[in-house]
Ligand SMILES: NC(=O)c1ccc[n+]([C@@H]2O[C@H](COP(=O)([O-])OP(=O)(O)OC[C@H]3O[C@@H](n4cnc5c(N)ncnc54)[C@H](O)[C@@H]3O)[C@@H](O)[C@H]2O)c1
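Shown next as structure tokens: one chain only, the form predicted on its own.
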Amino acid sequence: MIKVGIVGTGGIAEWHASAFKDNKNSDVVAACDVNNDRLNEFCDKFNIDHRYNSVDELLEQSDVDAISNTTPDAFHKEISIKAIEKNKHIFCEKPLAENYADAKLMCDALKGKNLINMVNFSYRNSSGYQELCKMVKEGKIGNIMHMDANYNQSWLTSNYWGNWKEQDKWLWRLSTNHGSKGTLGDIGVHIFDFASRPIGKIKKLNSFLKTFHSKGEKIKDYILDANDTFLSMVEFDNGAIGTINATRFATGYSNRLELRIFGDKGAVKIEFDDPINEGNKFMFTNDTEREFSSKKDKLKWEEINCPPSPTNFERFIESIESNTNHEPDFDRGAEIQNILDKCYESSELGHWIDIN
């Protein structure tokens, strides 16, 4: 039984606790938070006995095998490195760090350590996406020529998740003073991983970030200056090109990821809001050589249904048990963070940036 300690007991921590509690090979035996009331409420809900107000206490006094780091982004580096120094396996929420320099320090701390490390790119929980990646990497659609990927949210134009103007959990995401990296930092980390994994490394990019001041300049003590939307043109090492975009102004979409990849022998596409309940299928076509009798003869796409694949939580526990580090690991988290840093740089300079 792998014993897990959760550091940070905010909303995302409940997902982690449920996932590790539901796994027959793991249990959550300790938790930590500086907010004692929140800590006790969390531990009571998930039947966790060992409670700490500092990560140092948890690491010194508990006998956990692994740490699940669900703290805000600014604390990912410090807490993860402390766990690594205490020889604890580490599962960290995304993004891995606030910048590439910090992410690299986290990767460097792992050198010489036989420790499992993963970052929670949660949309890899889609079984359809996993099979799509496999098909592309096996060359089933030939050489990749073009792709496009979008992450569309609408909480700045819709009350689907509540009124953002009245809730701190949304307002902080619009304020750089409160630690937000905007849409790029929040959901760009997902869409860049989602878009690039099946194709390969991004060689260079040209990005444009924009903050729409028409929504207001300030609410309470939140200065609304973080980016609301971004557009990126990319070129991959293999020569493919495409676009990767995200926005919070996508009226009509609550939380939609879309990916289309076009090769010289076929194409694949996938879209969903929920990676598990909706992301269990994708579309495939290799309709490239058929003769058409008329314009009414439609191009054919095949829907491919996929059985469930292991979640990131399950992969993490299995990695510890097998001593084989599954994806997505800290190196991948750092790679994505480097891409995000280059997006900010490209937008500021107004031109293409080489990734490496």
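We call the rigid core the largest set of C-alpha positions that still match within 1.5 Å between the two forms. Everything numeric here is computed off the predicted structure, so don't read it as measured data. Sequential numbering from 1, following the sequence displayed.
The same protein also exists as the form predicted together with the ligand; that form is not shown, yet it is the one meant from here on.
**Q** Select from the listed residues Lys265, His213, Lys169, Lys201 the one whose heavy atoms reach within 4.5 Å of the ligand in the predicted complex.
**A** When the ligand is considered in the predicted complex, the option within 4.5 Å is Lys169.
**Q** Which listed residue (Arg173, Arg124, Lys77, Arg197) meets the criterion of a heavy atom within 4.5 Å of the ligand in the predicted complex?
**A** It is Arg173.
**Q** Are all three of Ile12, Cys32 and Glu93 close to the ligand in the predicted complex, meaning a heavy atom of each within 4.5 Å?
**A** Contact check passed for all of Ile12, Cys32 and Glu93.
**Q** For the interface check, one of 314 to 322, 283 to 291, 35 to 43, 299 to 307 should have non-hydrogen atoms within 4.5 Å of the ligand in the predicted complex; which one?
**A** This holds for exactly one stretch, 35 to 43.
**Q** Hey, in the predicted complex, does Asn152 get a heavy atom within 4.5 angstroms of the ligand?
**A** No, Asn152 stays farther than 4.5 Å from the ligand in the predicted complex.
**Q** I'd like to know if Pro72 sits close to the ligand in the predicted complex, meaning any non-hydrogen atom pair within 4.5 angstroms.
**A** Although the ligand is absent here, Pro72 would touch it in the predicted complex, with heavy atoms inside 4.5 Å.
**Q** Does Val4 reach the ligand in the predicted complex, with heavy atoms at most 4.5 Å apart?
**A** It does not: once the ligand is placed as it appears in the predicted complex, Val4 has no heavy atom within 4.5 Å of it.
**Q** Check whether Asp102 has any heavy atom within 4.5 Å of a heavy atom of the ligand in the predicted complex, and answer yes or no.
**A** Residue-level check for Asp102: no, no contact with the ligand.
**Q** Superposing on the rigid core, I want to see if Gly179 changes position between the shown form and the other one - specifically a Cα shift of 2 Å or more.
**A** Yes, its C-alpha moves 2 Å or more.
**Q** Once the core is superposed between the shown form and the other one, does Phe194 show a C-alpha displacement of at least 2 Å?
**A** No; Phe194 is a residue whose C-alpha shifts by less than 2 Å between the shown form and the other one when the cores are overlaid.
**Q** I want to check Phe230: does it shift between the shown form and the other one by 2 Å or more at the Cα, with the core superposed?
**A** Shift of 2 Å or more: no.
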